[in-house]
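Given as structure tokens, the chain that follows is alone and in the form predicted on its own.
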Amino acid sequence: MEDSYPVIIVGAGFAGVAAAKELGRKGIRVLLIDSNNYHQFQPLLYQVATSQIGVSAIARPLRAVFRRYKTVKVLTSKVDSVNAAERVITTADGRSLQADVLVIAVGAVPNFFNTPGAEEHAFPLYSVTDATKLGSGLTRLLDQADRNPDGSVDVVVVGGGPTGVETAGAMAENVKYVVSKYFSPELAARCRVHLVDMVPTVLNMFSAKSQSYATDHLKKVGVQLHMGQGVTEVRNDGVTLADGSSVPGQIVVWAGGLKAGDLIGGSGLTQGRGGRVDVKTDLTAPGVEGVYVIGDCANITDSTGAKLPQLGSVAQQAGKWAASNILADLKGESRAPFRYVDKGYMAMVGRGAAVAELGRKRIQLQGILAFLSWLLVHLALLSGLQQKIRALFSWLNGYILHSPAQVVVSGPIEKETPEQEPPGP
């Protein structure tokens, strides 16, 4: 027997939460389903992995998010299948849920591009679970190396986009400031961070000026760049590059791209680039009625036909726009094509160092001004007052005192480590 809801939203990322909030404000009955009971702020996952902030700063329980939205019900459950044509969701416990309007916002999964060994040996960085496993793995390796006079730690970050650059920069600064302080300068001297990408420059979507600034700062803090060489194999002791050379690494961080997950593949929807759904300009899925696809599982274009990147700002705006179109559906009115407000790009390169290209005109900032802008923007976007306070305290503690957030290691470093539920409201 099926339970029926006016609107079902699958996925509580940026897009799903934004859509649920907008509909909740209008009193629309919504069921929001996610396998986790919390919303995670993905842009700061790398800071969890590098012990700059704690999990509770970026993860907020969904029931706290929607406490004042009386018509939004949160269901913590794994979704086994999506039947887009029938607008039916089947959960892991066998429940079938029927929607008048279905919103699919299930995010994405790491795209290893069929690279041998990548799925087995590399650490992705797309969820709280990924970040905590990577942070624990790094801490354990440092503890092991500290017991060995000749011990060293090599980390390879694959992907020169914002996630890869931010992760590599944070790890290199940890070596420079934290490892030397809390372990020993000798161990810090034996630790290396490598950044690898098949494209010749970092931050490919940014201007040449921003790329040059980021490259110079990464080199300044000790990141070894291997640009213009793709990874052909990932091993448990490093990676092999396209030219046949090897880069050592006890830990390989994969920041090399995303694709749609299995739920999209089994939904009956036509898939496009990256396995994502090529949605129409009003954010509905082609070929079916009453189905919206938003966030990282969708290929979205704006009203001008421009293809939009998989960014949090795109997902948030798409979620709000989908909600307004759903309200139009319920009133029998016409939907409007999505109009994206381009706020630009930002990337943290390290302590006091960032690049920002703001607005459609791409007003460029580098250095301390971009760094402060990055902090303020991300602080404003965090969900919940407690999360903002925790992040601000961690940043002050880390960037001024070089004191890392606590990392407690429990159990072996395995990719199948069970998910940890973030503490606190």
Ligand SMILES: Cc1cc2nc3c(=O)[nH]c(=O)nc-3n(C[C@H](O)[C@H](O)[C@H](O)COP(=O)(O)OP(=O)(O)OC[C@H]3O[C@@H](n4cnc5c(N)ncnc54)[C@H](O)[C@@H]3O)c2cc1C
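Everything numeric here is computed off the predicted structure, so don't read it as measured data. In case it trips you up, residue 1 is the first one in the sequence shown, and so on.
There is also a form predicted together with the named molecule; it is not shown, and the following applies to it.
Between the named molecule and the residues Y177, F183, Y126, F112, the one pair within 4.5 Å by heavy atoms in the predicted complex involves Y126. Exactly one listed residue, out of N204, S77, S245, N148, brings a non-hydrogen atom to within 4.5 Å of the named molecule in the predicted complex: S77.
Using a 4.5 Å cutoff between non-hydrogen atoms, Q42 counts as a contact of the named molecule in the predicted complex. Within this chain, S373 is remote from the site of the named molecule in the predicted complex, having no heavy atom within 4.5 Å. Though the partner is left out of this view, G312 does reach within 4.5 Å of the named molecule in the predicted complex, counting heavy atoms only.
Contact check for G24: no non-hydrogen atom falls within 4.5 Å of the named molecule in the predicted complex. Annotated contacts: G13, G16 and V106 all touch the named molecule in the predicted complex [non-hydrogen atom within 4.5 angstroms]. Residue heavy atoms within 4.5 Å of the named molecule in the predicted complex occur in exactly one stretch of 215 to 223, 113 to 121, 98 to 106, 279 to 287, and that stretch is 98 to 106. Residues of 281 to 298 placing a heavy atom within 4.5 Å of the named molecule in the predicted complex, in sequence order: I294, G295, D296.
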